[in-house]
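First, one chain by itself in structure tokens, the form predicted alone.
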Amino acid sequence: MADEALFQFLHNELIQYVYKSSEQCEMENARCITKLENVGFRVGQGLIERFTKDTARFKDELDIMKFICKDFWTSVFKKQIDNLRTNHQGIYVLQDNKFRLLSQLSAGKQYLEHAPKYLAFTCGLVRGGLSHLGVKSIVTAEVSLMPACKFQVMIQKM
């Protein structure tokens, strides 16, 4: 419980720091989101390296995505992804019906425009983890009603 609160506090402070520093150098919103995603990317690489050091190799990208949804997500957010869907052509949709980093915001559509800055770090986290496992991807997030969100992972073939 305490580690969860610390993670949420650190995440909020990271967002505040990036946006406050952007006011001084006049960065636009897209550059702040990119910066948050890059931080998440590096953290994702480090976490996956730690989590997979004693596991067997994955046989395919579906196994990798299952690992992300079960073990990785549980380690970071203390719960599994609620739903994983795929079209078996390199697109995966990860649905979290009560995403912890959005749950401190009001439910509904009131703060919907602030959601991207709370999701950028996690998009980078997933992309960094996949990258370290040898899967190049593009990760985007969408929110229609908070605190539920969907992360779309598009695998880029090499």
Partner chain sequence: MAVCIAVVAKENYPLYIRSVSSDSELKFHYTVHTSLDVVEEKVSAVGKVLVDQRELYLGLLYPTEDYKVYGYVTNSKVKFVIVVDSANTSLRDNEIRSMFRKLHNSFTDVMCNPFYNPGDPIQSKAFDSMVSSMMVQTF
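Numbering follows the first chain given and starts at 1. Since we're looking at a predicted model, the values are computed, not measured.
The next section is about a form of this same protein that is not shown, the form predicted together with its partner chain.
Contact check for R42: a non-hydrogen atom falls within 4.5 Å of its partner chain in the predicted bound form. Its partner chain in the predicted bound form comes within 4.5 Å of a heavy atom belonging to H132. The closest non-hydrogen atom of E28 lies beyond 4.5 Å of its partner chain in the predicted bound form. Although the partner is absent here, G46 sits close enough that one of its heavy atoms falls within 4.5 Å of its partner chain in the predicted bound form. The candidate spot formed by F9, E13 and K20 is out of contact with its partner chain in the predicted bound form: none of the three has a heavy atom within 4.5 Å. Just one listed stretch, out of 119-127, 28-36, 52-60, 95-103, contacts its partner chain in the predicted bound form at the 4.5 Å heavy atom level, and that stretch is 52-60.
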